[in-house]
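So this first bit is one chain, no partners, the form predicted alone, shown in structure tokens.
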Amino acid sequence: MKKALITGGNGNIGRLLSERLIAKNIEVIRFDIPGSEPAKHDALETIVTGDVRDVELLTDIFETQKPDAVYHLASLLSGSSEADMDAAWEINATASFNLLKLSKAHDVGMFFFASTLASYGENIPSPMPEDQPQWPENIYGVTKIAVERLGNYFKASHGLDFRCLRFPLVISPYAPPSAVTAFPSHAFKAAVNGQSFTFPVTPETDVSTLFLLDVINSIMSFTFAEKEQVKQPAYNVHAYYLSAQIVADQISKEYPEFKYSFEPQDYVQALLGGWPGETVDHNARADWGWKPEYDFEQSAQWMFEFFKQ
């Protein structure tokens, strides 16, 4: 890998991923929407802004920049997808199909796609087995599984090195306020700022979880694994079990005066209430050595320190 295109490259995962690739002396093209441009960037980075649906612009990037790897992170998230199904399909599915076609046409060596547990649907057993059928019940999950299947087609029929990870709930200090499913991240910030917090789910709502830095660790480990280690096109990754009450209890240990309540929101409860508390990820651990570096307590301490600073 000498040059990588990252869609959604100015977002938090894209930015951190770019830093890790540059540390390996890999040039990076960070593609994202207008207005997302960073104040400064590394000499090995090229910043391009535009709409991921713009095939002409993407074609120009492939022809002029000649990336030999693609990290496809750009996506309309779950709430926005439900609000506009047409945009969700165009951005999440059709644009991904176009990127896969461009990658094949320009002999890209590796194509990474970020998927989600939302591709499985609701009422999933926990621990969730690796062969759990995928029947998503929201448009966000539908678009993700569509791209997973497209990627498998390009891998099987056209030899594209398609690789996909399905991420669970992610704890991140950069979670936008509008991302109501990222309630653990918002609760940490509220506590450090001396604010009360209302959890949008029931206390016992549990979900498979991963810390932001382990998201980056998993992407790097997976995409730099040798081809013979990658025995399937998509893998699940998991770090620890988490419930809303566990989050509240951990925060209260650090901030005994932290005030909180539980007021379930129908959409959030329906989405996360059907996710598993634990995801089996034996294949990722056995095939390419996946192992999370952060447990929940370490993640919490990192979040506390981040918001204090």
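Just so it is clear, the model here is predicted, and its values are computed rather than measured. Counting begins at 1, following the sequence as shown.
Not on display, but discussed next: the form predicted together with a small molecule.
Chemist: Kindly indicate whether V201, V268 and G273 are, all three, within 4.5 angstroms of the small molecule in the model of the complex, using heavy atoms.
Modeler: No, none of the three is in contact.
Chemist: Counting only non-hydrogen atoms, which stretch in 237-245, 276-284, 254-262, 49-57 is within 4.5 Å of the small molecule in the model of the complex?
Modeler: Among the candidates, contact is made by 49-57.
Chemist: Which of F167, F111, F183, F222 has a heavy atom within 4.5 Å of the small molecule in the model of the complex?
Modeler: Only one listed residue qualifies here, and that residue is F167.
Chemist: Quick one: from S119, S75, S218, T205, grab the residue that has a heavy atom within 4.5 Å of the small molecule in the model of the complex.
Modeler: That would be S75.
Chemist: I'd like to know if N12 sits close to the small molecule in the model of the complex, meaning any non-hydrogen atom pair within 4.5 angstroms.
Modeler: Answer yes; at least one heavy atom of N12 falls within 4.5 Å of the small molecule in the model of the complex.
Chemist: If we define contact as a non-hydrogen atom of the residue within 4.5 angstroms of the partner, is I124 a contact of the small molecule in the model of the complex?
Modeler: I124: no contact with the small molecule in the model of the complex.
Chemist: Find out whether any non-hydrogen atom of N138 is located within 4.5 angstroms of the small molecule in the model of the complex, and reply yes or no.
Modeler: N138 lies outside the contact set for the small molecule.
Chemist: Would A187 show up as a contact with the small molecule in the model of the complex if we use heavy atoms at 4.5 Å?
Modeler: The answer is no: A187 has no heavy atom within 4.5 Å of the small molecule.
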